[in-house]
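Have a look below at one chain only, the form predicted alone, in structure tokens format.
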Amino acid sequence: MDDTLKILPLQKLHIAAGAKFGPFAGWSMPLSYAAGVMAEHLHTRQKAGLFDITHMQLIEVAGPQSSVFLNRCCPIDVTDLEIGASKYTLLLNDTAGIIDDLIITRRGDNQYLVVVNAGRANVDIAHMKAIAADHDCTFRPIERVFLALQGPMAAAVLSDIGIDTGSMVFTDSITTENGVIINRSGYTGEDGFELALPLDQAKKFAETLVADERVMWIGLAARDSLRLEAGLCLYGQDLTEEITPVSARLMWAIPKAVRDGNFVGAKALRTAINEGAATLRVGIKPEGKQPVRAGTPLLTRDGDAAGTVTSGGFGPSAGHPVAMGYVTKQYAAAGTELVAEVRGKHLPVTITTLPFVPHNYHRGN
């Protein structure tokens, strides 16, 4: 094992479960377990999958100007969030390129929790600390074991161990008496929860969950196929600092009321909105059974350049290959037929809407 890789606090549990490890974002991460990627993927869609996502960084923001600080960092008004509510948002650079996508949870009048992607944590922290220097607030990365329980049986599993989530809907957050922060959210398109646990509680908690026959450990490989079927972006592939929210079709995450604000990148974002994007993120459905992978060129039937695949693989729940990428605006309409150039061969693909499988988030009655 590469000694430079960070080790998960629950590594021994993963080894005991038959995990195969690989490097990801500076961590040694479980890629799959004994059951295999296909079984893990389908189990999550049908029952409940348990993911160790401790590689993601949690940051506490607090203080009198914490709201002003976060509103400067991101195109959001965090004061619109009720206490116990979360929101997906974006960290932008001066040219409105996406530094990262993240989740902000309001935990009190002047207290927030920010979750950033593992591979961007150092970049995000440096960027946000520079902004925090001008504001009266604290900005503190915290250590927790971070688990995600995803799937249609997730709520029932938690209920059976005494955690009542019945009143929670998608993006709600609670904190238990033992200090476990629970958000009803995830990265699979399914109902589920992300749980930030104090280190001394994590091992017993995870063991209790996987002792339930409805729960199975799930690795990064199935996490990737699940999120791709759900049309969710992976930073570094589908999102980069050169891609704007307009091009990524993520403007739904930026309320119209804040688009005239003074968040970092605001002027450039307004220009991008007014001018429109030259390329757009789309779903891509290959014909046949051969997946198309990230980096695959997309061409018109006449051989002209049309775009590039940014994520691709097989969708076990969809029953066919699934992909995502960016195409020139004129080719972005659903139903457009293109070809993917794979090792000199032209494979037919069709532009499609996202997601490939319906989202099953719990939004209440």
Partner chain sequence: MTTYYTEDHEWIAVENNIATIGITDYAQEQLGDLVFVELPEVGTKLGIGDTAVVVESVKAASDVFSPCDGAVTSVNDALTSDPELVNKSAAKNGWLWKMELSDASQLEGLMDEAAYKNHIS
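What you see is a predicted model; the values in this text were computed from it and never measured. Numbering follows the first chain given and starts at 1.
What comes next is about the form predicted in complex with its partner chain, which is not displayed.
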Report task. Report yes if all three of His43, Ala148 and Ser167 come within 4.5 Å of its partner chain in the predicted bound form by some heavy atom, otherwise no. Result -> no
Report summary line: The one residue among Ala221, Ala268, Val115, Val210 placing a heavy atom within 4.5 Å of its partner chain in the predicted bound form is Ala221
**Report entry** Candidate from Arg259, Lys129, Lys289, Arg140 lying within 4.5 Å of its partner chain in the predicted bound form - any heavy atom
**Finding:** Lys289
Requested in this report: Considering its partner chain in the predicted bound form, find the one stretch among 75-83, 202-210, 224-232, 240-248 with heavy atoms no farther than 4.5 Å from it.
Outcome: 224-232
Query raised in the report: Does Gly36 reach its partner chain in the predicted bound form if we count a contact as any heavy atom within 4.5 Å?
Result: yes
Query raised in the report: According to a 4.5 angstroms non-hydrogen atom cut-off, is Lys20 in contact with its partner chain in the predicted bound form?
Result: yes
Query - Heavy atom of Phe314 within 4.5 Å of its partner chain in the predicted bound form - result: yes
Query raised in the report: With the partner left out of view, is Lys345 within 4.5 angstroms of its partner chain in the predicted bound form by any non-hydrogen atom?
Result: yes
